[in-house]
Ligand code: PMP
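Have a look below at one chain only, the form predicted alone, in structure tokens format.
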């Protein structure tokens, strides 16, 4: 027992830290934990089994599916449970694109790696067009119009809000440019679901990807929402998820996703107001630090995300200093946290490579407070003040 406690203390030794990395993963809502526990502690049947335990599991899965559908205003039949956003994006690009057609796929230079990497594989079989962004990290609809209208694309996949900058893309304008009879429209909405209202019908989206752990749900569960059959399957050997994704459903985590979706729908306005207040206060205080730059600041962004740099502080060094002081931030995409190259998103925005290496992301969550914002600003100012004056003058 003492060994277990010691191991637990090592794992959770930094619980007193101020967690500011919610775009990477948000801690589970207490009500989500409560919803999951019975399915971990009690016998849970296979949802495909016909006995009472199986029927109970099936009922829980379908209830969660309905909650996701209500949050996104889509058909519950379109919700495919996956292991998360990465699998959802791979399933879309590898399962719903017709490689026998020489019709292109349109996406952008600022997508998440789980879109970029499958696109590189697709590019070996058919044309892939990546739309550029402007200096604020946003696709310009006027510049994209000719490309989209003349491409005769079979699929357009555009990230809703970038995971690094938080910049929201002009989806409605871009969607209106495609031939809806010939082009499937998808969005990786992982950073938007649960933070902003999202109506798939209103947006005229055919498909959408997201992960539960970005909206205070459990890790390892997400969904691809699409109301059609894939041409190819990533997983074979079962008829689960309406024959779209084989494998026994992870009932407990699906229940957690359903609860997170329900809470997000009920708390959306409150969450947006709270997060926006934290962001605005942080950025107004950050502006007082000489040389500080916020990427995409003039664009419409998520209410919780600030991607910034201090020109005289390398990003990794700053992250380590802040971690030692009890603040958990990130350098951008958690999927590339071990890569010491400039962000591909900032490169697409035309940001100088040296400045891009200094980039640090703050992403707030509902557990954060204005007091924590002040604490972070004070620590940043303290770290800057410790630098030799000749280094700080770089920003002047």
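Numbering follows the first chain given and starts at 1. Fair warning: this is a prediction, and the values are worked out from it, not measured in the lab.
Not on display, but discussed next: the form predicted together with the named molecule.
In the model of the complex, none of the heavy atoms of residue 137 sits within 4.5 Å of a heavy atom of the named molecule. Using a 4.5 angstroms limit between non-hydrogen atoms, residue 86 touches the named molecule in the model of the complex.
The named molecule in the model of the complex is not approached by residue 274, whose heavy atoms all lie more than 4.5 angstroms from it. Contact between residue 114 and the named molecule in the model of the complex is found at the 4.5 Å heavy atom cutoff. The candidate spot formed by 163, 191 and 211 lies fully in contact with the named molecule in the model of the complex, as each residue has a heavy atom within 4.5 Å of it.
Considering the named molecule in the model of the complex, the lone stretch of 252-260, 119-127, 78-86, 314-322 in range is 78-86 [heavy atom distance within 4.5 Å]. The partner is absent here; in the model of the complex, the one residue of 159, 215, 133, 224 having a heavy atom within 4.5 Å of the named molecule is 159.
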